[in-house]
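Presented as C-alpha cells, the chain that follows is alone, the form predicted on its own.
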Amino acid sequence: MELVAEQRGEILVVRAMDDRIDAAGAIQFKDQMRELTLAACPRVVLDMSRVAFLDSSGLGAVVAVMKALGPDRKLELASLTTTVQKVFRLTRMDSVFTIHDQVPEDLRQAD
C-alpha cells in the first residue's frame, strides 16, 4: 500500500496511490496511516481518487484510522470513486465521515 502525504499548514493531505484497499492491504494501510498521522494535525484529508475498490476490511481500516486519531482530530475523505462512495452510502458511513467531492482546492497537490 503506497500512501503519499503532504503537510498543508495544520492539515495533512494523504493520497492513497493503490487502486484497492482490501483484506490483503488493510493492515498495511492502517499501519502506514498511523505512522503518517503521528504529528498532531487537527485535520487529515484522505484523497481516495485512485481507490476503485474497498471491501469490508478496507472500510474497517479507514474507521480504525479515524478512531486512532481520537476525538480532537478529524479524518475527512475526498474524491471517492463511484464504487467506493456506494460502500460508504450502503454502510451509512457517509453520515460518520465528512466527505468532499474532491480535495479542497487550496489543499491539492500538483500532479
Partner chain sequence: MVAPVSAPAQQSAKVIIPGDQIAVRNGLRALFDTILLRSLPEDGRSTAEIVLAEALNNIVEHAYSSHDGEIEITLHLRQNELVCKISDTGLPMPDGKLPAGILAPLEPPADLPEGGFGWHLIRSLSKDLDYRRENGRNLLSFRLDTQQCGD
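Residue numbers count along the first chain shown, from 1. Values in this document were obtained by computation on a predicted structure and should not be read as measured data.
What follows is about the form predicted in complex with the partner chain, which we do not show.
- Taking the partner from elsewhere, K86 is found to have a heavy atom lying within 4.5 Å of the partner chain in the model of the complex.
- Although the partner is absent here, T91 is a contact residue: one of its heavy atoms lies within 4.5 angstroms of the partner chain in the model of the complex.
- For the chain shown alone, G60 is a contact residue for the partner chain in the model of the complex, at least one non-hydrogen atom being within 4.5 angstroms.
- The partner chain in the model of the complex is approached by R20, whose closest heavy atom lies within 4.5 angstroms of it.
- A heavy atom within 4.5 Å of the partner chain in the model of the complex is found for one listed residue only; from A78, C41, M66, L36, this is M66.
- Using a 4.5 Å cut-off on any heavy atom, the residues of 46-61 that reach the partner chain in the model of the complex are, in sequence order, F53, D55, S56, L59, G60.
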